[in-house]
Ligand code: COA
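Shown here is one chain on its own, the form predicted alone, set out as C-alpha cells.
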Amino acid sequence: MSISEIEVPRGLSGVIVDTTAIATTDQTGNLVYRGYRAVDLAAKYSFGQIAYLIVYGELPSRSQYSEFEQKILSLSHIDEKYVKLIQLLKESNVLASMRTVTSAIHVEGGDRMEQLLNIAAKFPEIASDSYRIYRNLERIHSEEADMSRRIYLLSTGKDDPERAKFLEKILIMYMEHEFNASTFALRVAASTETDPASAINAALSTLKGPLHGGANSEILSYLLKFKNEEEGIDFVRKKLENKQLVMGFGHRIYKTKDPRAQFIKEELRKLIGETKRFQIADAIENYMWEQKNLPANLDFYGAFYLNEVGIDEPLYTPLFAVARVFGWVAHYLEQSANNKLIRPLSKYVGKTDRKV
C-alpha cells in the first residue's frame, strides 16, 4: 500500500467521503433537511413544500409553491409508449417495472433540473400503472395538484384527503437520508457525468435488496400473523436464538432511537389508537431494545403504518422511491456542481505468482 492510499472499514462505515448541504443527522440524533429537523417539517408542511426545500434549498413562498405544484403536475403524465411498455412487461414486481420504464425515458431539452424533475414527477404514475396493469385494473389519471393527495389516489384508487395526509407523513420521512445506499449509488453514477435517467436508475436498483428500502414488506408479513404480544416476542426470541436477523431493527446512524420511527409510531397511534396490533408492535420494539439494544427503525413501523393507511404491500418500496427521488434529484445536482469521479481502490487478497 502506497503512502497515498488509505484503508477504511468495509461498507465505508464511519467514513466521510464528501460534503453535502442537503441532509444530515444532528448531534441529538435528529434527521435534518436543509437545516430543519425533518419531524418538525412533517408536522407543519406538505410533501410538495418539503420536496421544493430538498431540491432548491429553501422553503417556498406561496407563489413559488403553487408554481412548483403546477410544474410537477404538468410533467407527471407518462407518454403512451411507456404505458405500452408497462403493458408489454406486465411485471409483477412494481419496482422492476419502474426500473425498466425509467431506463427507457428519453428527456430532451431543458437544463439538468428540468430533466431530473421530469423523471421525478412521473414516478407516481409509473408506479401506479405498473401495479394496476399487472392486476388487470383500470389505469388512473389524476389532475389533482396536491402531490400527496395525487399519490394516494394513484396508489389506492381512492380520493381520501385524510388518509392522504397520513401517507404524506411517511413520504416526508422517506424523502432524504444523506449518503444512504441508493443515494450513494446515484452519486457514483452522476460522477461519471451520465444522464439523469441512468443515475436515477442506479439508485432504483439498490432498492431490490431487503437491507435498503425493501425491508418493510418482510416486516409486515410477520407482524400481521401475531394474535398477541406473547406470540410476537416468542417469534423474535427464536430468531435471536438462531442468530437470525430481525428485520426492522438497528441502523448504522441511529444507535438509541430512530426519530423517524418514533414520529411515525405517534402518527400510527393517532390513526388507529392503541389497538391490539399496536400493542404487539410496541412489545416487540421494547423486547428488542431490552435484549439487543437495537432500536426500531423506520421500516418497522413504516410497514405497519402503510398497511393501516390502505396501501397494498407491492407498493411499499415503490412509494419509498416516489418520495426519495426528490433527494436523488438534489444529490445529482450537488454531485454535478463540484464533480470528481468516484473511483475507490480495493485491497487484493487473491492468489499471486500463478504460472500459466
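Model, not experiment: these values are computed from the prediction. The numbering used is simple: start at 1 and walk along the sequence shown.
Keep in mind the form predicted together with the named molecule is missing from the figure; the text below concerns it.
- Think of it this way: in the predicted bound form, the named molecule has a heavy atom of just one of G248, G232, P196, P124 within 4.5 Å, and the residue is G248.
- Between the named molecule and the residues L294, V32, I311, L41, the one pair within 4.5 Å by heavy atoms in the predicted bound form involves L294.
- The candidate site formed by L89, I133 and N136 is entirely out of contact with the named molecule in the predicted bound form, as no residue has a non-hydrogen atom within 4.5 angstroms of it.
- Contact annotation: R237 falls outside 4.5 Å of the named molecule in the predicted bound form, judged by heavy atom distances.
- Of the heavy atoms in Q244, some are within 4.5 Å of the named molecule in the predicted bound form.
- Interface membership of G157, defined by any non-hydrogen atom within 4.5 Å of the named molecule in the predicted bound form, is ruled out.
- Proximity of H212 to the named molecule in the predicted bound form falls within the 4.5 Å heavy atom cutoff.
- Heavy atoms within 4.5 Å of the named molecule in the predicted bound form map, among the stretches 75-83, 248-256, 199-207, 183-191, onto 248-256 alone.
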